[in-house]
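The chain below stands alone and is given in structure tokens; this is the form predicted alone.
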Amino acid sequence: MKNVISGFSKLTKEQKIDWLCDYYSNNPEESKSLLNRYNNSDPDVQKIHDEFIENTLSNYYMPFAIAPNFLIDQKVYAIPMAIEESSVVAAAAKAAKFWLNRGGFKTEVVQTEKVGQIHLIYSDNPLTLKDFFESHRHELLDSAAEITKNMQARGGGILDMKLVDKTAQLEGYFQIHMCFETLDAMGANFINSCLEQIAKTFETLAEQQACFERHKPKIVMSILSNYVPNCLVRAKVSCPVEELKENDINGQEFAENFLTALQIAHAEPYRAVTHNKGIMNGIDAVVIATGNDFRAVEAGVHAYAAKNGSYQSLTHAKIEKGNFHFWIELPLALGTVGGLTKLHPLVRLAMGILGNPNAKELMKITAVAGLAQNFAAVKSLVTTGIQKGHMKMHLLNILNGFGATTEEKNQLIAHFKNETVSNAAVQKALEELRK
């Protein structure tokens, strides 16, 4: 098998590209040219990118954009967003402008607690394990003192540690459930280091106990959790109902339709998933632009959406005393130090654009981006429909797909200003134009 290779990671980048393109490309020279083209011309910048992950061949670019005019807690922000989907940035900016003169967005960080767990199996008397844990609790915590001292000096560290009996869910299964405050760091490495040290100490102490002579507790793994239901942020907007008038739809009708749409997203998981995906369009775009882990955020947010036993909307709305209220509550474990925040040039720029926020401030900004995105999406759904605005933004992508020239693009953008955009309609219009 010629395409099986040993020692790939030890090859130079050029050798990796040559091997890959020779064995896995129908057009090796074109593929090599493409990969080399997207390497940064500045060798220092490229070296930084190459060292983020293993076996780097090139860079995969996404648009880096700005959604301006976000009034958040009486401060105006331009929010950086990195995303490839048409209309997301435009929708966020439109929502920001709508709320700019209606008091803007108000936010609150409820809690910033993060979680890590040591998972273990013990098949004997649970009371024996519980007594051992309680009698050695301080020794376990003290064993991580060298790891936690710097974090503690800044006001963070380990908040709580308890033994949880999960044998009802899985035979012999216990966990040491720990809570952490990691301040401006997302904290994954800190949490995992603490867990592994405490697990190691637990095993050492257990080896010395006569009570475990017949059955010793077995550590299975130690790992942080990306489910952080106590790392919560809220964002909200409100205005008089009459200010929601939209073309021929009066404010009261708009507000009631909006509320019904959210009630459906609370009642119907099929709708809720798409509803929340739209929220994450805004959130992920900010998370990626600021060098945070969008996969961790996604996992934790969607778990939170199902916390009541069924998957539901992350946003809420009500009409009260003539006012429309719309808000979001969700968990966001974000960091503004560590990771890519000081290494990636565009992440540094994004943080600078936001005024170099701390973790709590970034949580607020990110939650607002999600709320704005959802407002714009639901507003479209209950008025003009989602496709009118989305396909207008998608028009350039379609034209580029058909190889349209600059002149053709200009003419067809004008043509579709008041026409429905679809692949078929664009193709037909382009064919007519070329005749």
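Only a predicted model underlies this, so the values are computations on that prediction, with no experimental measurement involved. The first residue of the shown sequence is 1; numbering continues from there.
The same protein also has a form predicted together with a small molecule, omitted here; what follows describes it.
Report task. Go through I48, M62, L34, L381 and name the one with a heavy atom inside 4.5 Å of the small molecule in the predicted bound form. Result -> Looking at I48, M62, L34, L381 one by one, just L381 meets the 4.5 Å heavy-atom criterion.
Query - Of N292, S313, N281, T182, the one that lies within 4.5 Å of the small molecule in the predicted bound form (heavy atoms) - result: Contact with the small molecule in the predicted bound form is made by N281 alone.
Query raised in the report: Though only this chain appears here, would A67 touch the small molecule in the predicted bound form if you measure heavy atom gaps against 4.5 Å?
Result: No.
Query raised in the report: Should H177 be counted as a contact of the small molecule in the predicted bound form, where contact means heavy atoms within 4.5 Å?
Result: No, H177 stays farther than 4.5 Å from the small molecule in the predicted bound form.
Report task. Report whether the minimum heavy atom distance between E329 and the small molecule in the predicted bound form is within 4.5 Å. Result -> E329: no contact with the small molecule in the predicted bound form.
**Report entry** Contact flag, H275 vs the small molecule in the predicted bound form, heavy atom cut 4.5 Å
**Finding:** H275: yes, in contact with the small molecule in the predicted bound form.
**Report entry** in the predicted bound form, segment of 205-213, 304-312, 266-274, 235-243 with a heavy atom within 4.5 Å of the small molecule
**Finding:** Answer to the contact question: 266-274.
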